[in-house]
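Here's a solo chain for you in structure tokens, the form predicted on its own.
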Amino acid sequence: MGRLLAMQLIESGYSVSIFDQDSIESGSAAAYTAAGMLTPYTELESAEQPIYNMGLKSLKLWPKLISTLQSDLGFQQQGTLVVAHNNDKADFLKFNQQLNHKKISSDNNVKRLSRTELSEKEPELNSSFDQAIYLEDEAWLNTQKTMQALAKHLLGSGINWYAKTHVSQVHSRKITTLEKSYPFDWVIDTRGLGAKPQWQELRGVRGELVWLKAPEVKLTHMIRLMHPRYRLYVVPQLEDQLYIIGATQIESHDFSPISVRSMMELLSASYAVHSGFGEAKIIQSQTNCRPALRNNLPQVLIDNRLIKINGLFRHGFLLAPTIAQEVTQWLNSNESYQSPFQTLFSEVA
């Protein structure tokens, strides 16, 4: 969120400084522990309508951002295949009903596939599933490459970057670190859970995922398995036979390594999608806590010359381009901009 917003602001002529507790190249931020899914349609299964609306806009913004960055972000727009085993058809039907209820069902990017059509789209799945919903426009990117490309672009733009710098407090017009305070015209806080001391409503939602190297698997689409207990996705990296399997969603502020239960559920579910994952090698597991507000919706809170952006939950890469654009337009309009996303902005009285 911070890097994309900095990019937008610089393009609008602002002089920008970034304060980051991580290094420029890598870190512990939630952005580094994500599959980079750009899936507004799939998120309708559990998210509110504003997530879909903002995500749909971001899906159109990402190709433009990639063109500006002129870097390989691992961006793939192959779409998502939503499937379910026979025992879990109720969850599949429920998702289909949600598409109908929210009037997304007639969208040209939503296609219902028979077993034969699924076999043509993803041949290695035809023995496991007899139907699918194909969400044609959905995409994904490599989060590590994206963070690095944004950093390269920002450094090339002459930004002031205070890396490995812990921010202790943010105020209107002022940022305070452990060493000193820095004055600014505007301060924008995108620290995620780091902002909890000043935004008590924030909570952590733990997520865990696994990277697998699977030479026997040849999937080219994202796979979303409907299941009553967990949300499983398989995200192919289309290089080095790597796949991201995720993700758990646990109401916890726990940053410890992945649990045995979560690992077993993710691995057994991936094997149920494709038996080739049985011979895969576990490359790494990742855990992190994502920042969420009470309603699981993002919020831009304006308090004098302090803007707080938080609550992107598990939709960071999906929502950040749209939110960055909205905040930049608000600043460019001398604070008179009326966002089409009515739930996004609020002001401190």
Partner chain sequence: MNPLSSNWQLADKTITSRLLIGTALYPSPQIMQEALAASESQIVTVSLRRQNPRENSGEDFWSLIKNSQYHLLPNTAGCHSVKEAITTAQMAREVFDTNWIKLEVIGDQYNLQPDPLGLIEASKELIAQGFEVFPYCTDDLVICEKLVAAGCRILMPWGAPIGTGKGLINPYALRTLRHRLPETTLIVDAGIGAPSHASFAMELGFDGVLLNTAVAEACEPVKMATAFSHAVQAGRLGFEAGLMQQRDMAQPSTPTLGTPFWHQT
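Note that the structure is a prediction, hence the values are computed from the model and not measured. Positions refer to the first chain, counted from 1.
Here the subject shifts to the form predicted together with the partner chain, a form of this protein not shown in this document.
Participant: Heavy atoms within 4.5 Å of the partner chain in the predicted bound form: which of the stretches 75 to 83, 233 to 241, 119 to 127, 196 to 204 has them?
Facilitator: Going through the listed ranges, the match is 196 to 204.
Participant: Just one of Thr68, Asn53, Asn295, Ser28 has a heavy atom within 4.5 angstroms of the partner chain in the predicted bound form, so which one?
Facilitator: For this set of options, the contacting one is Asn295.
Participant: Could you check which residue among Asn109, Gln97, Asn160, Gln169 gets a heavy atom within 4.5 Å of the partner chain in the predicted bound form?
Facilitator: Selected option: Gln97.
Participant: How about Asp137: is it within 4.5 Å of the partner chain in the predicted bound form, going by heavy atoms?
Facilitator: Outside the cut-off, so no.
Participant: Does Glu251 make contact with the partner chain in the predicted bound form, using a 4.5 Å heavy atom cut-off?
Facilitator: Yes, contact at 4.5 Å.
Participant: Is Lys174 close enough to the partner chain in the predicted bound form to count, meaning some heavy atom within 4.5 Å?
Facilitator: Contact with the partner chain, no.
Participant: Do Asn304 and the partner chain come within 4.5 Å of each other in the predicted bound form, heavy atoms counted?
Facilitator: Taking the distances in the predicted bound form, the answer for Asn304 is no, it never comes within 4.5 Å of the partner chain.
Participant: For the heavy atom contacts within 4.5 Å of the partner chain in the predicted bound form, list the residues of 45 to 81 involved, in sequence order.
Facilitator: The stretch 45 to 81, when checked against the partner chain in the predicted bound form, contributes Ser46, Glu48 at the 4.5 Å heavy-atom cut-off.
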